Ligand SMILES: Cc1ncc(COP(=O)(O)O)c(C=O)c1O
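Heads up, the chain below is alone and in the form predicted alone; it's given as structure tokens.
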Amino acid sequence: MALDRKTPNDLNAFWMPFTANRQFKKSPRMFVAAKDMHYTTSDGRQVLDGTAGLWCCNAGHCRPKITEAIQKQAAELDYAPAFQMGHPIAFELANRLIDIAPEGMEHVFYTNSGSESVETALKLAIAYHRARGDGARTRLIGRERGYHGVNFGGISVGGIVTNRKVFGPMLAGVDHLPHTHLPAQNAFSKGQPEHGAHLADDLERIVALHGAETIAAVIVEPMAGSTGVLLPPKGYLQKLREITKKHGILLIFDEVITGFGRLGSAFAGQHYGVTPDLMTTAKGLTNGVIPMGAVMCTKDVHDAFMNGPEHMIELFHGYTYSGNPIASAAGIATLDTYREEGLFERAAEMAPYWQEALHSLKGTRHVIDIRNEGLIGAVELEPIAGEPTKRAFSAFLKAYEKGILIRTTGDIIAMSPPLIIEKEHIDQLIGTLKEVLDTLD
């Protein structure tokens, strides 16, 4: 049963994630309901969702087909183990995912989150080489400013300093490519920037340093989201794919944010015309309603494990909730909603209007860069000297008071609205944001 009051009687017990807890608990911001493009606050205000929750509610909020599927499944089969047992819905969802995945993806391994999808993909990459008799390939290559969740594997290959610096030495045998942010050459680019494909060539330097025979995989976000929407320069991902193939290194795309229509295609791999060996997904898989993730892989990766006696377990990895029946039902209903409403195509159709609206903020006070692709965008602000992040956080608070939800990372405002957004919503979101920026110190 839902809480029958609008405000909890005590805020102390809940240690909130990625939150300024002391500031929040002095002045709480509470959502109590949501529908389509809007949240309702505890004081009855409507707030336009400019972030699809946390990059996840791609079909909007409280969509009927998804809600009904969860209710029905909870009453029919609430839980079934995925170890040595199965239920039909998990298999059906896997087939549906492969139907929309980049060509060559043929198998699905379920997790519960993006972080777990990354850990799974990294383990699969290392175990794949071992299964092929190439056990020296254990090194993992990430990228500066990359975000791959919050577990130890993910923060090791990730490159956001604040997510790493207080947690010890990380995993051994990890190196990083340079990030792709070149503001001097690419500021205010619309879509993919022109300059920076050469940054992929740094992988050759890393290969020369460590030896290709020691490297299991390279993992990147096709478009880096959580660090502030850093787009791949034209030709960059193609070069990475060429170099990894040349040296027998697996390529992992972290599509936790970019998956399920965010860029106007089902997945970023299709949008950019590059197919990896493994893909991590979560968030939009169930529209953010039920925790679920999935790793997709090629036949080559999967079949490397399918050897030995048939009664033996091929991969000693998995989760209690892998392919959970209620999550699987939510996933199928989410995919149905995307298809029936043409939301991936809608994102592509709305992208030009979104782009022009976003770039209308050029010249606004404190704005030093704007970046966009599909229905995602970032507005980078000049930091306050000696007080990094404060200006963007002030914008976040003022935006909430004015009825829009944005997200900040450092001094970057990131937006990724639900794919059901209308032009008038875009006008409201960007217009209100301009009002906010004009009032900032």
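Quick caveat, the model's predicted, so the values are computed rather than measured. Numbers follow the displayed sequence, beginning with 1.
What comes next is about the form predicted together with this ligand, which is not displayed.
If you superimpose the site C-alphas and bring this ligand over from its pose in the model of the complex, none of its atoms is within 2.4 angstroms of a backbone or C-beta atom of this form, and that means open.
Of the heavy atoms in G114, some are within 4.5 Å of this ligand in the model of the complex.
Although the partner is absent from this view, G323 stays clear of this ligand in the model of the complex, with no non-hydrogen atom inside 4.5 angstroms. Though the partner is left out of this view, V118 does reach within 4.5 Å of this ligand in the model of the complex, counting heavy atoms only. In the model of the complex, this ligand sits within 4.5 Å of a heavy atom of H148. Checking 87 to 95, 250 to 258, 347 to 355, 168 to 176 against this ligand in the model of the complex, the stretch whose residues place heavy atoms within 4.5 Å of it is 250 to 258. Contact annotation: of the candidates R371, K283, R143, R262, the single residue with a non-hydrogen atom within 4.5 angstroms of this ligand in the model of the complex is K283. In terms of contact with this ligand in the model of the complex, the residue from T244, Q73, S226, S189 that brings a heavy atom within 4.5 Å is S226.
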